[in-house]
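Take a look at this one chain, the form predicted on its own, written out in structure tokens.
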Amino acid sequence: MLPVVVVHGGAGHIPKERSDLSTSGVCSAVRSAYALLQGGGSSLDAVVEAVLLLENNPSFNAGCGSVLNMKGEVEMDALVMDGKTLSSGAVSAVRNVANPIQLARLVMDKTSHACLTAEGASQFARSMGVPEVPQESLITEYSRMRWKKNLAPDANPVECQMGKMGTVGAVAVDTDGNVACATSTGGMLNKMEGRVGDTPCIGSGGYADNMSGAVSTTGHGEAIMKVTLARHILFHMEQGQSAEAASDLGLAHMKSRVGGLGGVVTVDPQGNWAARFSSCQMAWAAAQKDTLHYGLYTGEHFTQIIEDHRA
């Protein structure tokens, strides 16, 4: 069953003209992360690799495709967690960094802290030699267009959130049975400056524990935080539920309790996995036993063989 990696490109409503980009993006990220695992790489390296590729893809709301806050600026959050040791690293409200997930990994590896925010995170990035990038390099025409549209006095906030390419995330199990998760986002469209959502919060945006499994979440951040969705799902797995059943239970609880929609990718240490969502769509992909799995709509599940390019 091992290794396995599962990624998501965000829950929500994806316009038809952008859905192909979303699907190809998650498939590409999974292939790279799976190749890394096949080469003996760790689950931690694999999830960071997958999320880094999605941050670099302007089709997603992370890294260079991030949505803009009320002031028209980019503020990003990211989280990474190692299921073997429960070590974790997170950053919130960061600017001028191309890959927040790399910075989160550095917080985990190089500090005694779990999360750094805003200017403190920027200072740490500079001290680690992480190059600063101009704000403009992270802003796409699509993000700017939707920001302006949402500023209009007659804007419909529900409609404006539609078309949002969501948070990105990944979970993996390596050949040693270690699990890991990583999640990264540009946050909520036209959010207040300084707003931090679920993504960098341990237990909400993600959680990884070798004793139960790993989860990366996406959806309405405030709702996810209220039910600590990732940890909630792993609680059900600890009670004997499968990755799929636990994911569905967690999402149903969030919907009934706080009216929130979202999606998750989940794995257990044996390599059983799930990609589940209560929103209209969620681009997802998984790789296991040299097979690529992917989908976008509820009930959709395509497969294809992954060619082994190793020498």
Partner chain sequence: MSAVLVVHGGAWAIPDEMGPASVDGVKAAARHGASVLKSGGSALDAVEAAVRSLEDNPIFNAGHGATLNVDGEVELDAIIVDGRTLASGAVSCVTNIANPVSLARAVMEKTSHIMLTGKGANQFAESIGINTVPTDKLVTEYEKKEWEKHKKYIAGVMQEFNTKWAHDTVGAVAVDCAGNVACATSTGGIRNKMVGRVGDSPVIGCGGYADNSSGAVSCTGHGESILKVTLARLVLSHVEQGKSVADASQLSLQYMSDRVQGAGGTIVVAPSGQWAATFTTERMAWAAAVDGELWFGINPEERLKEKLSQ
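Being a predicted model, the structure only gives us computed values, none of them experimental. Residue numbers count along the first chain shown, from 1.
There is also a form predicted together with the partner chain; it is not shown, and the following applies to it.
Trainee: According to a 4.5 angstroms non-hydrogen atom cut-off, is residue 177 in contact with the partner chain in the predicted bound form?
Mentor: Residue 177 lies outside the contact set for the partner chain.
Trainee: Answer for residue 280 alone: is it within 4.5 Å of the partner chain in the predicted bound form, judged on heavy atom distances?
Mentor: Although the partner chain is absent here, residue 280 would stay clear of it in the predicted bound form, with no heavy atoms inside 4.5 Å.
Trainee: Using a 4.5 angstroms cut-off on non-hydrogen atoms, would residue 232 count as touching the partner chain in the predicted bound form?
Mentor: Yes.
Trainee: Even though the partner isn't displayed, in the predicted bound form is residue 113 close enough to the partner chain, meaning a heavy atom within 4.5 Å?
Mentor: Taking the distances in the predicted bound form, the answer for residue 113 is yes, it comes within 4.5 Å of the partner chain.
Trainee: State the residue from 134, 131, 240, 194 whose non-hydrogen atoms include one within 4.5 Å of the partner chain in the predicted bound form.
Mentor: None of the others qualify; the residue that does is 194.
Trainee: Within 4.5 angstroms, counting heavy atoms, which one of the listed stretches 257-265, 33-41, 48-56, 244-252 is next to the partner chain in the predicted bound form?
Mentor: Selected range: 257-265.
Trainee: With the partner absent here, would 85, 203 and 211 each sit within 4.5 Å of the partner chain in the predicted bound form, counting heavy atoms only?
Mentor: Contact check passed for all of 85, 203 and 211.
Trainee: Using a 4.5 Å heavy atom cutoff, which residues in 215-253 contact the partner chain in the predicted bound form? It's fine if the answer is none.
Mentor: Stretch hits, in order: 222, 225, 226, 227, 228, 231, 232, 235, 239.
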